[in-house]
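For reference, the chain that follows is the form predicted alone, supplied as structure tokens.
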């Protein structure tokens, strides 16, 4: 078993962080307030470690763990998302004081599972890493003081997650029985046509269902709006972003098995089209902001499918880049939601009325996030959709590209309603005043800057993603 600690420095750093949080959670309760003093610094250091380690490459543990451009791309994104999620959660008003160390420990454990998932290249390893990241979320989602809706959200996520896990494991057994291997590199040499290997196609479809559940792709989306609405704003910010990265990185690896025109590829295309249409139409009717973003994520899961079915390195790169864009856009949106709802309540659209007067910097940042989610220039949402469209055009799924364009037009109404309420409605509703501290304003400003800068200068990251995609296709 080949193992080199220098190749897995980000994972080892994250593991040490988990151990430190575990020790703190076992210690005296007087230690609880101190966790929010040191953890953001070390989470930021973890991001630095991931960036420094981006050139690491190699395989370990009997070739089930691979360090390549794709895994490093996603590990940097996961570390960045974890850093922002930790900062966001330090102002969480609905988390009881004695549970703070436990909360951050499970948050770190989930991110560690996603890092492992990024490098997993064998189906059993993928399954175990997915469960490691998921079990932590089962604990986090109900942690919202004195709120029965959070308990309901937790139960739904656990029950539906158990079903998706069972489907994935059942499908894995079919793939193993039919193709005699669970290594993705070996599976790429096999036929995935229904006529040649019907059992393998059924098995892979069931295994993909587990990924679709994490991604909230139709018809595995039903948990998403309820969980976003039920859990705390800060937990929803994490659930809405980083687990999607884990699903996308595995789907990108598994997409190398598929070619345009195969039955399973066409099925993915249809699921993507239905998902983006269903998600956008349902979001049009929502008044709860988090529930709206829940249905929005169903639509964005459909957008990612456009890159995956293209069957080219550029398509895989576009899907990976769009996953990064999605994380940046949603972290910005949820940061503003968390700061506006300074008492931890769920925001309705009317709660945003007159935000430009009460907190102009938050209103501007919300506008940037909304424009990015629609896909308007010069944001990262626009360039992300542009990469998806150009990658998939003339690859046999032009109808799916047109569906994406039409759905982006649908999305304009409900995303820009956030801006309309913030800037044109003056009837104020009752509730706590927005948090306008330097922490709130600087955080929103930096995230908005990331969304704009990645939209205007996407080349360095997209070239990194292209290199990752080409590495997978060879």
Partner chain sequence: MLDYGYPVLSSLVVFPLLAAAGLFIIRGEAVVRGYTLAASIFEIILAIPLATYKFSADFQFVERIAWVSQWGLEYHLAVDGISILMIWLTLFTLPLCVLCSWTYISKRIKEFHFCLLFMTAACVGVFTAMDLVLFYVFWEAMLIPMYLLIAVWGGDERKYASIKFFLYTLAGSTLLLVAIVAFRIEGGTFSIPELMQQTFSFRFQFWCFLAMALAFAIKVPMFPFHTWLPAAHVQAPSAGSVILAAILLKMGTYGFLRFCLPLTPAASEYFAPMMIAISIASILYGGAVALGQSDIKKLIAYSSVGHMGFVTLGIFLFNLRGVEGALFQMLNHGIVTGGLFMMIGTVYERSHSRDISKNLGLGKYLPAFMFFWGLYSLASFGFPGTNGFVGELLVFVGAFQNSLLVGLLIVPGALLAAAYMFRVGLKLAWGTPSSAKTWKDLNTREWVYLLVPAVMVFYIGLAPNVFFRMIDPSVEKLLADYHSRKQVAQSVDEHPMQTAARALFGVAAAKN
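Positions refer to the first chain, counted from 1. Since we're looking at a predicted model, the values are computed, not measured.
Only in words, not in the display: the form predicted together with the partner chain, which the text now covers.
Chemist: Name the stretch, out of 103 to 111, 232 to 240, 128 to 136, 378 to 386, where some heavy atom lies within 4.5 Å of the partner chain in the predicted bound form.
Modeler: That would be stretch 378 to 386.
Chemist: If you check in the predicted bound form, do 406, 423 and 463 all have a non-hydrogen atom within 4.5 Å of the partner chain?
Modeler: Heavy-atom distance to the partner chain in the predicted bound form: all three under 4.5 Å.
Chemist: Name the single residue among 331, 79, 391, 247 that comes within 4.5 Å of the partner chain in the predicted bound form, judging by heavy atoms.
Modeler: By the 4.5 Å heavy-atom cutoff, the listed residue in contact is 391.
Chemist: Using a 4.5 Å heavy atom cut-off, which residue among 397, 371, 74, 335 comes into contact with the partner chain in the predicted bound form?
Modeler: It is 371 that has a heavy atom within 4.5 Å of the partner.
Chemist: Would you classify residue 9 as touching the partner chain in the predicted bound form, given a 4.5 Å non-hydrogen atom cut-off?
Modeler: No, no contact at 4.5 Å.
Chemist: Is there any non-hydrogen atom of residue 23 lying within 4.5 Å of the partner chain in the predicted bound form?
Modeler: The answer is no: residue 23 has no heavy atom within 4.5 Å of the partner chain.
Chemist: Give a yes or no for residue 159: in the predicted bound form, does one of its heavy atoms lie within 4.5 Å of a heavy atom belonging to the partner chain?
Modeler: Looking in the predicted bound form, residue contacts with the partner chain do not include residue 159, since no heavy atom lies within 4.5 Å.
Chemist: Can any non-hydrogen atom of residue 19 be found within 4.5 angstroms of the partner chain in the predicted bound form?
Modeler: Contact with the partner chain, no.
Chemist: Under the 4.5 Å heavy atom criterion, name the residues of 443 to 463 that approach the partner chain in the predicted bound form, in sequence order.
Modeler: Heavy-atom contacts to the partner chain in the predicted bound form: 455, 456, 458, 459, 462, 463.
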